[in-house]
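What follows is one chain in structure tokens, specifically the form predicted alone.
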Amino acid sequence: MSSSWLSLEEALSKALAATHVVSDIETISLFSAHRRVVAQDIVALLDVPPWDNSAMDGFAINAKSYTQGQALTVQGIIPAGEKASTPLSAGHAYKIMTGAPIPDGANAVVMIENCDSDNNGNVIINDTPTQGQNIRAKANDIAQGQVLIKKGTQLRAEHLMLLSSQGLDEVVVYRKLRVGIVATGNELAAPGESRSDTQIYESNRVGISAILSDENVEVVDFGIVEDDKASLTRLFNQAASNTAGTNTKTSADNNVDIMVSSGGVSVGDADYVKDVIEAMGHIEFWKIAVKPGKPFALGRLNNTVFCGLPGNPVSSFVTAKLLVLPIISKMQGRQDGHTALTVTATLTKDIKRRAGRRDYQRATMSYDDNGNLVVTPFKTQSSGVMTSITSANCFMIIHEDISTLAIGDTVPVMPFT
């Protein structure tokens, strides 16, 4: 590995250190809050449950005063959503439904399946009840004043249900990030338009947009720009934010918090992107020791973070997953970061390769006849072959210092999600 190449960990560390949290906040409806990031701790307003209640359908009794075999008179019925009008009397039982408040004087609920009735309609208990049996205590789940959701949490369906159960209909979140995407290259034609004999249809923007959309950001598409310094300079001037992290943006402007480009960051004669960014702002690093995806550039234009992805489709896909998503998480204010899930699988074929870069090989993983997870890498690993992604269901990860692997070795695998 060249001494000028950063490891993935070094690149991530530098990238996160060079970025900031966009701290503008807004109050939105819970119905619009899925995958938004909480801007302050959310504290419980109510106890859950709000009172001692029955964990099942049955009979509420006083276990302390109960005598085995005693016939109990049914004092009444307590449906869910109602409460007993009088305390439980000695020698009596309330028929009670799941979720209904425990009446005063009762300290146990016997499930209906463990009860019989005599000819007079009295209840006979068939087991020995204990105090607290089948009762959900007040505040057993949530206590008023408890921190329910911590600042920096990305809200999911379960969080929204929890907040709604507290009677909340709004939540304070960080504003959405605005992320610009652009493809560079004279050889590119936009899908749906005519192309010359020497052009190919551009594919990276739609893929990167889909990856970003999963993070609930606002995507600003800058289209395709030609490989010349003047065009690139105009584009990046248009996109770069001149305001600090507390800026507010409108949908009418084109300033973005992050600018993601694909192409133009390698060493070709027409690869001007890195040079333009360096002239206009600052390049933090260039080239990382991963395969595919070596020519990744990170920089800054005023307060806009710049991510320069390689032009090859697979390289662009990989670096977006490995580097752009953690940067977005940091800038969104998320406290959990963005760590990709990895599992361990058994290799089904021998591998020989040149060590030096961490290799994200496209592969398929499945379960063998014994229920063990196995992984098979594709023969073709070219960074320009997009079908190696669409036909795969995972990346098989080979670390920098490994040059050979044998059938039966275990390797880390990153499933596609």
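The numbering used is simple: start at 1 and walk along the sequence shown. Not measured: the values here are computed from a predicted model.
Here the subject shifts to the form predicted in complex with a small molecule, a form of this protein not shown in this document.
> Can you work out whether residue 276 and the small molecule are in contact in the predicted complex, taking contact to mean some heavy atom pair no more than 4.5 Å apart?
Close contact is absent here: in the predicted complex, residue 276 is far from the small molecule, nothing within 4.5 Å, heavy atoms only.
> Taking the small molecule as it sits in the predicted complex, is residue 218 in contact with it (heavy atom to heavy atom, 4.5 Å or less)?
Taking the distances in the predicted complex, the answer for residue 218 is no, it never comes within 4.5 Å of the small molecule.
> Taking heavy atoms and a 4.5 Å cut-off, does residue 187 contact the small molecule in the predicted complex?
Answer yes; at least one heavy atom of residue 187 falls within 4.5 Å of the small molecule in the predicted complex.
> Within a 4.5 Å heavy atom cut-off, is residue 200 in contact with the small molecule in the predicted complex?
Yes.
> Could you check which residue among 323, 183, 173, 232 gets a heavy atom within 4.5 Å of the small molecule in the predicted complex?
Selected option: 183.
> Sort through 308, 103, 313, 333 and report the residue having a heavy atom within 4.5 Å of the small molecule in the predicted complex.
It is 313 that has a heavy atom within 4.5 Å of the partner.
> Have a look at 339 to 347, 232 to 240, 86 to 94, 255 to 263 and name the one stretch with heavy atoms inside 4.5 Å of the small molecule in the predicted complex.
Single hit among the candidates: 255 to 263.
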